[in-house]
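Below, in structure tokens: the form predicted alone, a single chain.
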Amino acid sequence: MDKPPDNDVCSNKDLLAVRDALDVLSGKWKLQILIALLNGAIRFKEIAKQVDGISDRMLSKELKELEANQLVKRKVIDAFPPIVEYKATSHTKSLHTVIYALKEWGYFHRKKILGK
């Protein structure tokens, strides 16, 4: 796993940028929800099935926060009963390298700690 050079010291501005990113993506659920949405628009219950263990109340809260940060788009389809779909925005696609890096580190960490 590549690491930055030892002389690559983070400035206060860098720390602020990392804090901003963590504020938006923090918690157990947000990245999992975004990953569920990367394959296209899906309904609330489909997200709940993919994100194992999340309650409907927590999913609703997290989706609202992600929508406020322009990472999720909510669309209401006029039907009876109304259909609500969620999809990733173009802004979400800017997280691909972050998600990939976290996935790779997760594999690395699991192998190092658990030997799997």
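Nothing here was measured: the structure is a model prediction, and the numbers come from that model. Just so we're on the same page, rigid core means the largest C-alpha set that superposes within 1.5 Å between forms. Residue numbers run from 1 along the displayed sequence.
Heads up, the form predicted in complex with a further copy of the same chain isn't pictured, but that's what we're talking about next.
Participant: Spell out, yes or no, whether the shortest heavy atom distance between residue 68 and a further copy of the same chain in the predicted bound form is within 4.5 Å.
Facilitator: Result yes; residue 68 sits at the interface with a further copy of the same chain in the predicted bound form.
Participant: Since only the chain is shown here, I'm wondering whether residue 48 would be in contact with a further copy of the same chain in the predicted bound form (any heavy atom pair within 4.5 Å).
Facilitator: Residue 48: no contact with a further copy of the same chain in the predicted bound form.
Participant: Give a yes or no for residue 76: in the predicted bound form, does one of its heavy atoms lie within 4.5 Å of a heavy atom belonging to a further copy of the same chain?
Facilitator: Taking the distances in the predicted bound form, the answer for residue 76 is no, it never comes within 4.5 Å of a further copy of the same chain.
Participant: Indicate whether residue 31 is a 4.5 Å heavy atom neighbour of a further copy of the same chain in the predicted bound form.
Facilitator: Heavy-atom contact with a further copy of the same chain at 4.5 Å: present for residue 31.
Participant: Go through 86-103 residue by residue and record those having a heavy atom within 4.5 Å of a further copy of the same chain in the predicted bound form; state none if no residue qualifies.
Facilitator: Contacts from 86-103: 90, 91, 94, 95, 96, 98, 99, 101, 102, 103.
Participant: Is the shift of residue 39 between the shown form and the other one large enough to count as movement, that is, does its C-alpha move by 2 Å or more after the core is superposed?
Facilitator: After core superposition, the displacement of the residue 39 C-alpha between the shown form and the other one reaches the 2 Å mark, so yes.
Participant: Note yes or no: does the Cα of residue 103 move by 2 Å or more between the shown form and the other one after the core is superposed?
Facilitator: Shift of 2 Å or more: yes.
Participant: Closer or farther: the CA pair residue 41/residue 47 in the predicted bound form, versus this form, with a change of 3 Å or more?
Facilitator: It is closer: in the predicted bound form, the C-alpha atoms of residue 41 and residue 47 lie at least 3 Å nearer than they do here.
Participant: Once you compare with this form, do the C-alpha atoms of residue 41 and residue 54 lie closer or farther in the predicted bound form, given a change of 3 Å or more?
Facilitator: Note: Cα gap between residue 41 and residue 54 shrinks in the predicted bound form.
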